[in-house]
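Single chain ahead, written as structure tokens, the form predicted on its own.
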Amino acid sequence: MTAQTLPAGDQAVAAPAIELANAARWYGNVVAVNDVSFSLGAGVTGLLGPNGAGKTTLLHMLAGFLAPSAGTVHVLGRSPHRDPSVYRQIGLVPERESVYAFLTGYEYVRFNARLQGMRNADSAARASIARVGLEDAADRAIGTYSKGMRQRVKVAGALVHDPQVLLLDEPFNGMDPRQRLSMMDLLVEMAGAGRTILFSSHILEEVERIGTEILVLVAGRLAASGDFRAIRALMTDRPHTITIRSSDDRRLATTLMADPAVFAVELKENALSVQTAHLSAFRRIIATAGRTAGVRLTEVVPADESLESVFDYLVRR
């Protein structure tokens, strides 16, 4: 299943930036990633899964650190493993600390620019540091940085060569709310400029704030991919809960209970909680039910259509 859908006019010419086909990686008898297939184009995609699901292994295969034990992994049409030409198009922010404490932020980012063969390494480093809002601390030793600042300087190092593909493993760890929002805005901006961004996070609110496209790994397998709202709509074995407010909730509840699309109605303080297994049918009948009951509908909102609901379902089923 393709997690990003290209505009109709571009489908014939734009190849996926990231493409896995039956990719697997194992360590001895331990299978970390098992038969995973997906493709991604430009945009932001959240990589989700419980601890030990294989998220970091997947990112390391995409970054070229690990070769797949089976299947294929392609970035920009080529295998990234041991291919420096692909590395120049990839930016990686690892979860683990990967910076020398004695280097200043500027020195660290400039070092990354020089590794990428950039002729203007000095100016590129300053520009990248400014992008993540670390100008005031650029000439301080990284050992004096807070956790959030160290995360931001790692992002600056990953962005310095303006990569086409950005891979981030728990990039918001340690950042305060303002820093998180600023970093999220930066990722959205880059995606809008045509970059492909895949980031892992254990905080669902972060993923939901940036976009709707997700990949969910469970025990090394891809449990779902695509728009989480579309995935929720396909979960037909789990009832949908709708919160309704009206001018007369009690009268509306009586009318709704007579409809076969509704199998549970709970009268709460200032609202109705309605459960249905047929969301599309319920959307068609709710306005009619309001007219039949002679009440005015003031609010009809899904109560469990969030990313958290989808993730919980996929992980626990």
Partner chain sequence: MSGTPMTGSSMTGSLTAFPEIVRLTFRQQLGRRRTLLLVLLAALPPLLALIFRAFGEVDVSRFTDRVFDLVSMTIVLPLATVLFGTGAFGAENDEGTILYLLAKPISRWVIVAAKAFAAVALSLVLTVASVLVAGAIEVVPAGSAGVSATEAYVGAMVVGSLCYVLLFLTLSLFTRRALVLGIGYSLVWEGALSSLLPGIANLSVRQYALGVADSFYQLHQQAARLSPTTALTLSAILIVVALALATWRLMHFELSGSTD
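Numbering follows the first chain given and starts at 1. Source: prediction; values computed, not measured.
There is another form of this protein, the form predicted in complex with the partner chain, and it is not shown here; the text below is about that form.
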In the predicted bound form, residue 94 touching the partner chain (heavy atom, 4.5 Å): yes
4.5 angstroms heavy atom contact with the partner chain in the predicted bound form for residue 137: no
4.5 angstroms heavy atom contact with the partner chain in the predicted bound form for residue 57: yes
Partner contact for residue 187 in the predicted bound form: the partner chain, 4.5 angstroms, heavy atom: no
Listed range touching the partner chain, judged in the predicted bound form by heavy atoms within 4.5 Å, from 220-228, 76-84, 177-185, 128-136: 76-84
The partner chain: the contacting residue among 31, 285, 66, 262 in the predicted bound form [heavy atom, 4.5 Å]: 66
4.5 Å heavy atom contact with the partner chain in the predicted bound form for all of 203, 297 and 299: no
Partner contacts for 141-173, taking the partner chain in the predicted bound form and a 4.5 Å heavy atom cut-off: 154, 164
